[in-house]
Ligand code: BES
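Just one chain is shown here, as structure tokens, and it is the form predicted alone.
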Amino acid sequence: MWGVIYKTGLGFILSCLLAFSAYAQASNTRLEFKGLDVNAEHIAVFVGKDGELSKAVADINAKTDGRLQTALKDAEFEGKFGKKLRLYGLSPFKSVIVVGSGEDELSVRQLRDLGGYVAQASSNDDSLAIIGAGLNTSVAQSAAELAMGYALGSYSFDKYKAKGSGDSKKKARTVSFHTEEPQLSKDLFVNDLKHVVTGVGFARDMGTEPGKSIYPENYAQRVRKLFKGVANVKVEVMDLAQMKRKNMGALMGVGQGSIHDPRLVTVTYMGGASNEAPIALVGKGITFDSGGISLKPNTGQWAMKSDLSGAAAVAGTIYAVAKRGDKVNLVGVMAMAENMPSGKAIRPGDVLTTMSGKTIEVMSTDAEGRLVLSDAMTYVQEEYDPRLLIDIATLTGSAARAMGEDYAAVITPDWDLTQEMMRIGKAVGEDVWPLPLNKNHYKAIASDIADIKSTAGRPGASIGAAVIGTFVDEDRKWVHLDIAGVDWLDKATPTTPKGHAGWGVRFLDAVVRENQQAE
């Protein structure tokens, strides 16, 4: 409910006790962390179930001579989690945004969601003060988590809008988070969470850019730019000639129908011990997927510019980990190609020889992600021998139909690992749900003329995982993530805008955090 208006002539002046500044991913928004005294025209507060006010919000209510609480009662605002209300004319404030925080103790995920709800509810005013103190949570420095949610929820992509129109009209803004410990909240955000926001922003940018703007070599250059000056990071780009020497027939095959040659982009961050085996992340990076000779229908084909979502998530994750300076060794391999129809394109029925020496019969050129990943998976195992291997891909419509926009599919032969992934996803707000993988899925991809075939009917998500799993060493700790249903949203969530989600950065970042080896 919006637009409950109260007018008063009272005003007040409050001095800020302590202020610290940080910059959000959005170029037009400056984030600050301050003490509890508030001097702002527009503020946001959080109210618990049945209109319960924390001490910090009660103090704001007192500044309005009790009119804030009266307005909440008149609007029958019950404080249900995520419910929003905007009040005008509660002097000395021009407007007050109220967001319900519910009755339960708030988790990190919920704090970030609350920050996202404020981002959705706030206007383009020059400044906004968010009262982050007194929330029902045991999370230290909760204001930093609110700030991360706000930054994620306020993301927009307006690069191609005419100057002075639409979102490009947005003015520079200052958003301040008021808390009992502003220095500690500032430190957590600036030294940690801000880097995750930047990584998510990179992934969203890459998935939103038109296909003509992002192609394999261009993507590689974007990655180089992202990591420029980041300590302990090395970026390597393998070109077509190098792929030929490595016998990467599957990756080269997918890209041969395009005027843009494929690339294999490898980013290594070595922050751990020299003898420590790394964690490896492998991402599908199809910069545009027309389906190749097995051409996709026109409906929705425009969205295939985001078929590089897995690769973009890998780059964004390594950026966050490296900027944070984690004591871990991490490698990311991104298999980049453009899947286009032409006289040079591969055909259904062709046989490709992979880097491993195994051959794949191509049943559909629209099942290209598993092909590029087959060579990338072999490469990362031979070169780095990772202790944990995770691949991430917008792989199958089957996973999207099964999971919708709520879950990515997680597939691994290790049930304990599955449960770990589910727990991590729930904690950070990027949920996963398991699909099976067994010997029958591997039997289904047996080929009459090659070692395996690329597709084999239903269930498609598990069949796709079996193709990739064929190139995973026995006993390797391995997780496959099929994000086809969650990489692009038709409706915004608190921390994700409509459009490209940048899914996977928060999830993979959390996995890396939890799998660092003790010193």
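Each residue number is its position in the shown sequence, starting from 1. Quantities reported herein were computed from a predicted structural model and do not represent experimental measurements.
The form predicted together with this ligand exists for this protein as well; it is not shown, and the discussion that follows is about that form.
Asker: Select from the listed residues Asp391, Glu145, Glu368, Asp375 the one whose heavy atoms reach within 4.5 Å of this ligand in the model of the complex.
Answerer: Among Asp391, Glu145, Glu368, Asp375, a heavy atom within 4.5 Å of this ligand in the model of the complex occurs only for Glu368.
Asker: Work out which of Ser356, Thr418, Ser398, Ser95 lies within 4.5 Å of this ligand in the model of the complex, going by heavy atoms.
Answerer: Filtering the options by heavy-atom distance leaves Ser398.
Asker: How about His178 - does it come within 4.5 Å of this ligand in the model of the complex, if we only consider non-hydrogen atoms?
Answerer: No, His178 stays farther than 4.5 Å from this ligand in the model of the complex.
Asker: Using heavy atoms and a 4.5 Å limit, would one call Met304 a contact residue for this ligand in the model of the complex?
Answerer: Yes, Met304 sits close enough to this ligand in the model of the complex that at least one of its heavy atoms falls within 4.5 Å.
Asker: Report yes if any heavy atom of Asn438 sits within 4.5 Å of a heavy atom of this ligand in the model of the complex; otherwise report no.
Answerer: Answer no; every heavy atom of Asn438 is more than 4.5 Å from this ligand in the model of the complex.
Asker: Can you check whether Asp289 is within 4.5 Å of this ligand in the model of the complex, heavy atom basis?
Answerer: Although this ligand is absent here, Asp289 would touch it in the model of the complex, with heavy atoms inside 4.5 Å.
Asker: Taking Lys284, Lys296 and Ser364 as a possible spot, do all three reach this ligand in the model of the complex with a heavy atom inside 4.5 Å?
Answerer: Checked in the model of the complex: all three residues contact this ligand.
Asker: Can you say which of 228-236, 113-121, 257-265, 304-312 gets within 4.5 Å of this ligand in the model of the complex, counting heavy atoms only?
Answerer: The contacting stretch here is 304-312.
Asker: Going through 447-468 from first to last, which residues have a non-hydrogen atom within 4.5 Å of this ligand in the model of the complex?
Answerer: Residue within 4.5 Å: Thr455 only.
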